[in-house]
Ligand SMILES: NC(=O)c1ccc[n+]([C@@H]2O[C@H](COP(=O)([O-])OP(=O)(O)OC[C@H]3O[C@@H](n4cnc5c(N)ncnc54)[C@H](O)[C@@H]3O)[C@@H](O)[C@H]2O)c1
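One chain is shown next in structure tokens, namely the form predicted alone.
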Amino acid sequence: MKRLVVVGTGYVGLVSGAMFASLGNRVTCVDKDPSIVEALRAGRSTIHEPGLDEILQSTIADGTLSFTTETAEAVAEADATFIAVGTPSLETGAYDFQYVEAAAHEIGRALRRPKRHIVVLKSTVTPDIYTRVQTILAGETEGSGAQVEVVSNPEFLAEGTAIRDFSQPHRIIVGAVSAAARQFMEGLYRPFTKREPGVLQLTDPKSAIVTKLAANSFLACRVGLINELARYCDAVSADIEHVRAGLASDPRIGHLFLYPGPGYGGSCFGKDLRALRESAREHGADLSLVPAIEESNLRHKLYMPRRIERQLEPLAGRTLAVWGIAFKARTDDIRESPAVDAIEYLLERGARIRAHDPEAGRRAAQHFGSRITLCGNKYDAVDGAAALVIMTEWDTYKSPDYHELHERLSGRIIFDARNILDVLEVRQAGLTYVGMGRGCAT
């Protein structure tokens, strides 16, 4: 049993804290917002993540997981503290490290006794912050006798599958200098790695940090390239689904992240690519591909709404139904969602939007207010609409009642930005199908 503190209760911090606590470790999660702490103490997750509520409730009941607003009180008796606070983007695209630095100062001030303590960087950062956190901790603990080491342990959790990703990891990257820190981290993660030798990879702290940025860059590049190929298929009347199958059969390429869509979104890819771009610029490294990926994705987010505009113009006064607002299925996160960009584009051209999302309705209401109509039933959203636009790959959208769509859709056209529908079934129902890169789909 280890005594851990996790500073920050977003996707990374809350999932990490709950999963460590589920193994019997004593974990205290810290958040500055009293309302968040109150909700979590009651076992109510403040984020939507499948399976998380059950783990929260069981670990709270077992007494292995607790929540507080007081960092110092939690850190004083802990063996290690994880920094899992947000690193939002500055206007330049670089990370804003104010929350990481504030956490480091608070942690350092709490360490007043001559004991070893490990501070684990879980937040997504660039290599410079590793040195900065070391400097802050050294200054705050000077004269206390505390021995503090900073370890990098980037997260590789995907929203919607974070519990599975944590409990069945493909890799765990630990960047540590001392043998003692490495041994501590190996022991902490042993329950997740003992059956999978090689999952835990030990490296230096800065290489661990770059590994996280590199992983998201590679994945974003795959998404960007398949989307560009989809646009090309539309231009030459080819079918991206046949192309994708051919690519996926090549073992050097594979099928993961090889599905065309409306563009990537969420809190990671765009933010991390912009931060990598700015970090490279600050260090004089000439990167051209990384910024090009982001630029390609920004252009692609408007590809489908522009096709809608061309096919239905003028849009002013027309009602359009949108299924899906979250940036992907199994989450309520609408940050940088391509659906949000598409809806904003259509609203600017005078369209009326009736939308449905199984989980993201509350966040969508906060963002759009009264500018769109949010429907609790997906079929109510299509009533009298000139077209249905599918933006998120929720399971509930994959096998719709085509007869009902035919009856309710006035325009009888479906724009499938995720290619989740069967083209033949759509057409047999008397509906027009427009997919992503499916210029000659049959």
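Note that the structure is predicted; figures quoted are calculated from it, not measured. Start at 1 with the first residue shown and count on from there.
The protein also exists as the form predicted together with the named molecule; that form is not presented, and the subsequent description refers to it.
Practice prompt. Heavy atom within 4.5 Å of the named molecule in the predicted bound form: which of A275, I293, V85, V151 fits that? Just give me the one.
Written response: Only one option qualifies, and that one is V85.
Worksheet item: Can you pick the one in E54, E404, D395, D33 that has a heavy atom within 4.5 Å of the named molecule in the predicted bound form?
Response: Flagged contact: D33.
Practice prompt. Look at the candidate spot formed by Y99, E106 and R335 and say whether the named molecule comes within 4.5 Å of a heavy atom in all three of them in the predicted bound form.
Written response: Spot residues vs the named molecule: full contact, yes.
Practice prompt. Name the stretch, out of 116-124, 182-190, 133-141, 365-373, where some heavy atom lies within 4.5 Å of the named molecule in the predicted bound form.
Written response: Heavy-atom contact with the partner occurs in 116-124.
Worksheet entry | Heavy atom of V12 within 4.5 Å of the named molecule in the predicted bound form | Yes - in the predicted bound form, heavy atoms of V12 and the named molecule come within 4.5 Å of each other.
Worksheet item: Is C268 a contact residue for the named molecule in the predicted bound form, using a 4.5 Å heavy atom cut-off?
Response: C268 belongs to the contact set for the named molecule.
Worksheet item: Can any non-hydrogen atom of K212 be found within 4.5 angstroms of the named molecule in the predicted bound form?
Response: Although the named molecule is absent here, K212 would touch it in the predicted bound form, with heavy atoms inside 4.5 Å.
Worksheet entry | Residue contact check: I226 to the named molecule in the predicted bound form, 4.5 Å heavy atom | Flag for I226 set to no.
Fill in: Partner contacts for 144-164, taking the named molecule in the predicted bound form and a 4.5 Å heavy atom cut-off
The stretch 144-164, when checked against the named molecule in the predicted bound form, contributes E155, L157, E159 at the 4.5 Å heavy-atom cut-off.
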